[in-house]
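Here you get one chain, nothing else, as structure tokens; it is the form predicted on its own.
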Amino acid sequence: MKKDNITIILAPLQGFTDVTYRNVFSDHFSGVDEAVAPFISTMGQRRLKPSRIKDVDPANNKNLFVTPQILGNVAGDFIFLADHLYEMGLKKINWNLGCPHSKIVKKKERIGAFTVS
């Protein structure tokens, strides 16, 4: 629905707006230009969670351009995940710098000034 330089982006909601939701939504509703996927947490030791990677795979997201979102506080792990997503053909990421979800706040995975103790 690009109109007058406005882009409508479907926001992520952990546990709801996964690949199945996005595909069904785009099959039945118009007006949304792209979507941001729920966050993929870095896992440490340069590991990947296959289900999260599958969720953002362009081959599985047929109608909406999907931007993966990364959450993590270790630079090397962030870069490892971002590089993997780039190699999959994803040229854009969203860096989550302050998820308000209580489980994330407890882990102190917020970055810089967003850290809550």
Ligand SMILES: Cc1cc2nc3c(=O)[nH]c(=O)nc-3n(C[C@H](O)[C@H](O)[C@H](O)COP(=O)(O)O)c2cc1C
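Predicted model, so just to flag it, every value in this text is computed and none were measured. So that there is no doubt, residue numbering starts at 1 and follows the sequence shown.
Same protein, other form: the form predicted together with the named molecule, not shown, and the subject of what follows.
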Item checked: 4.5 Å heavy atom contact, residue 11 to the named molecule in the predicted bound form -> yes
Notebook entry, point to check: Looking at the partner-bound form in the predicted bound form, is residue 39 within 4.5 Å of the named molecule by any heavy atom?
Noted result: yes
Check: Does the named molecule get within 4.5 angstroms of any non-hydrogen atom of residue 61 in the predicted bound form?
Finding: no
Checklist line | Distance check, residue 67 to the named molecule in the predicted bound form, heavy atom within 4.5 Å | finding: no
